[in-house]
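Quick heads-up: it's one chain on its own, the form predicted on its own, in structure tokens.
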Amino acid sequence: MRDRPAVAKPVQPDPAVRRILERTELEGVELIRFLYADHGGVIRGKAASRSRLAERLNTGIGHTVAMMAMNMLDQLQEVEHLGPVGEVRIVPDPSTYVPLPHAPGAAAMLSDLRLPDGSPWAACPRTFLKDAIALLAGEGYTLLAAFEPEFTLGRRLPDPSGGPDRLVPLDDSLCYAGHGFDTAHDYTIKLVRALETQGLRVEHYHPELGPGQQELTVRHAPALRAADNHVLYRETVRGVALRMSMWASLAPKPLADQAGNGAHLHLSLWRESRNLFDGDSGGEGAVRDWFVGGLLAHLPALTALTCGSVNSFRRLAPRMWAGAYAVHGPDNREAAVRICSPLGESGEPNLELKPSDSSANPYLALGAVIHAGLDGVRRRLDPGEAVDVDPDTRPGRYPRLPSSLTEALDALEADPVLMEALGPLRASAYLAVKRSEAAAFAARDASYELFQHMRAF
């Protein structure tokens, strides 16, 4: 009997992919945004149609390598290997699929930038964080993190004198005042519902210090999810405002004479089920001190990545509660590293890195924090004395952080640990992009700088 020809079995799609395809059909999603954060800190991406999604989940969407040499002003910088020749793919992570309640008919996924053969690309920020997490895991640690963002809610209006558009705050309520809750209520409820729909667990909300300033925090998560969450948070904060004919800005200082917007970074380091930032964690309490020692040792350089814009340094100044001095202290909100006391019996001890804002690329910022802290643990770095006063009241005693983006970039370029961690391509691109921004804003007035940051972040 002659053998029958083999019949190829149909390839069964991955269950996660199949669920996404089913959801897009049921939810009426037509476009799925593949999002990434660039070296300028801007959230960018491309969108696949529902009809091509199954294919694009595997292949990604084609993208020029040059986009990672683009600054926040859409000015392309000359960086070797990041010019008109070369291609990468924006490849989405199916586990990050979320609908976009503020954009009916659209959904989003966080994405990696990969080479055409599917291998990691040396300029991908999300891969940088993944590699840092893997480095931690190799030494038996995991990191939980959460960004604590502030933003200014208002309306974008033309300048009467013909200059750049202005951000006019929604209200002039006082800090934590009931009036502030009421003024922003409709927006806030829509924002909370949109974030919860995307799986971001809202913890706290209050009107903050400045006119129109809001603070809404989401639950901590493993490091990669925390950075992904912050990208979605930024997009949702702005998207909900736009749907309500308002404008929301997470820029560090969208209004020069008002309070700045931080995105303080909360951290806890774990081994198995033990929080090593708890002083009673099985004899390993010293790990917290070493981790803090690493953060402080690298903080001048780290600031170039966690406070990644010219506008950041309007906020990062003494007596702004922004952590302008490289010191640590228990519940000291003027220290760069605050040792947070637990909230209730179920609260977990954690660190708060205050020199951090939403103009930073969250993947680069958090990845660099991991490298700095791990260097401290490996070398058992002493963080020095805990400071229980405002360090600005003791002039000359405590080290001041860089006062400009240029100073921070110089510190980064001189830091061998962080430069090696970034790698040649990523480091050269980041420095080129950020130095170009510093030069561009130095040549213009303050209103131009404030407008561009209000627009981008």
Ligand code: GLU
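Given the structure is predicted, the values throughout are model-derived calculations rather than measurements. In this text, residue numbers run from 1 along the sequence as written.
Although not depicted, the form predicted in complex with the ligand is the subject of the following passage.
*Asks:* Within 4.5 Å of the ligand in the predicted complex, heavy atoms considered, which of Asp289, Asp278, Asp112, Glu215?
*Replies:* Of Asp289, Asp278, Asp112, Glu215, the residue with a heavy atom within 4.5 Å of the ligand in the predicted complex is Glu215.
*Asks:* Only one of Leu191, Leu267, Ala322, Ala226 gets a heavy atom within 4.5 Å of the ligand in the predicted complex. Which one?
*Replies:* Of the listed residues, the single hit is Ala322.
*Asks:* Can you pick the stretch from 178-186, 312-320, 270-278, 90-98 whose heavy atoms fall within 4.5 Å of the ligand in the predicted complex?
*Replies:* Answer to the contact question: 312-320.
*Asks:* Mark Asn71 yes when one of its heavy atoms lies within 4.5 Å of a heavy atom of the ligand in the predicted complex, and no otherwise.
*Replies:* Flag for Asn71 set to no.
*Asks:* Examine Gly376 and determine whether its closest non-hydrogen atom to the ligand in the predicted complex is within 4.5 angstroms.
*Replies:* Gly376 lies outside the contact set for the ligand.
*Asks:* So, Gly262 and the ligand: in the predicted complex, are they within 4.5 Å at any heavy atom pair?
*Replies:* Contact with the ligand, yes.
*Asks:* Report yes if any heavy atom of Glu208 sits within 4.5 Å of a heavy atom of the ligand in the predicted complex; otherwise report no.
*Replies:* Although the ligand is absent here, Glu208 would touch it in the predicted complex, with heavy atoms inside 4.5 Å.
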